[in-house]
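Shown next as structure tokens: one chain only, the form predicted on its own.
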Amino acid sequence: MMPEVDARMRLSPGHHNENLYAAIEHLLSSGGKRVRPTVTLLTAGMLGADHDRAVTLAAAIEMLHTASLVHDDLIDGALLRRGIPTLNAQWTTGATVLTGDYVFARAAHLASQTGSLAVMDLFARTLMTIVNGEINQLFRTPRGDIRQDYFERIYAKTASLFELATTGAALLCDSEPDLVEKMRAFGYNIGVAFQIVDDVLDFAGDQRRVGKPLASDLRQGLITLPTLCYLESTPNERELYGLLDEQRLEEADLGRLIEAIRSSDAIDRALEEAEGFAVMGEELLSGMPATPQKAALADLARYVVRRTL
């Protein structure tokens, strides 16, 4: 099914600058797990949605995700993603921004092709959530509740897209509101679990496979769950939070903190929280049609916390 999604993303709605096509080919060929479109297609298959509309929705969601990465890499100054040069490593800032905008527009066009006003409304709201999350991160001010800040951030960054995948697929089937809500909650839980594991791999993964320096979020002053678990268990380190947030931590102290987190139980504690969200997600599948897609979604809920990249 994924070749159909990739083909749909490459299908242009018009004749545009050849550099835009080259950029899209570069982005789509650079790898990626395609988890979001997989979730979309499995949910749609389980609930009996029209296959062609489901493929279009899956392509729209992956294109939206791809567009957000273009802007993320530019904002973060990232020169590599999955070990491959980013667009902003090769193009000017202006060209990169405009290309990201173009990919957002392509995603919206695909979403419109589902023929569902409810899906389009959800798509637009998800895009606003993603952008609002980025703005909050850029203009962040400590509120004292580090955990709430973290979970709000990963909702905007990741879980909202998983919600779009599962809720959008349910909407394509004109499902009853309680079923739509159940699938929304499933998407939320596996999306949160997925991002927590990503944050764990930022500390514990293989740097060569991740394609970027380990603890890159911490180096930018971003507190993710492994750091949060460490700070919660070591009250004497709490003053580091203010220094991290203001990016005033000396390199030697930063290196010491990274090693302390890696050698503590913070990684295991974060993974336990991810497992809890995945289990809640899997439990929400109870009562859904007994189909191969349901079994695959349950497998996927387990996969997101056991993957190594």
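The first residue of the shown sequence is 1; numbering continues from there. Only the largest set of C-alpha atoms that superpose within 1.5 Å between the two forms is called the rigid core. It should be emphasised that the depicted structure is a prediction, and the values quoted were computed from it without experimental measurement.
Form predicted in complex with another copy of the chain: not shown, discussed below.
Considering non-hydrogen atoms and a 4.5 Å limit, which listed residue (152, 232, 134, 217) is close to another copy of the chain in the model of the complex?
Selected residue: 134.
Can you pick out, from 160, 195, 86, 99, the residue that has a heavy atom within 4.5 Å of another copy of the chain in the model of the complex?
The option sitting close enough to the partner is 99.
Contact test in the model of the complex: residue 115 vs another copy of the chain, heavy atoms, 4.5 Å
Residue 115: yes, in contact with another copy of the chain in the model of the complex.
Give a yes/no on whether residue 104 approaches another copy of the chain to within 4.5 Å in the model of the complex, heavy atoms considered.
Residue-level check for residue 104: yes, a contact with another copy of the chain.
Taking heavy atoms and a 4.5 Å cut-off, does residue 20 contact another copy of the chain in the model of the complex?
It does: once another copy of the chain is placed as it appears in the model of the complex, residue 20 has a heavy atom within 4.5 Å of it.
Taking heavy atoms only, is residue 125 within 4.5 angstroms of another copy of the chain in the model of the complex?
So residue 125 counts as contacting another copy of the chain.
Partner-facing stretch of 196-204, 219-227, 88-96, 165-173, counted where any non-hydrogen atom is within 4.5 angstroms of another copy of the chain in the model of the complex
Only one stretch qualifies here: 88-96.
Flag this candidate site as yes only if 16, 71 and 75 all have a heavy atom within 4.5 Å of another copy of the chain in the model of the complex; otherwise mark no.
Affirmative, all three are within 4.5 Å.
C-alpha of residue 12: shift of 2 angstroms or more between the shown form and the other one, rigid core aligned?
For residue 12, whose C-alpha is compared between the shown form and the other one after core superposition, the shift is 2 Å or more.
Taking the shown form as reference, are the C-alpha positions of residue 90 and residue 11 brought closer or pushed farther apart in the model of the complex, with a change of 3 Å or more?
The answer is closer, because the C-alphas of residue 90 and residue 11 approach each other in the model of the complex by 3 Å or more.
Direction of the Cα shift between residue 11 and residue 91 in the model of the complex, where the change is 3 Å or more:
Here the pair is farther apart than in the model of the complex; there, closer.
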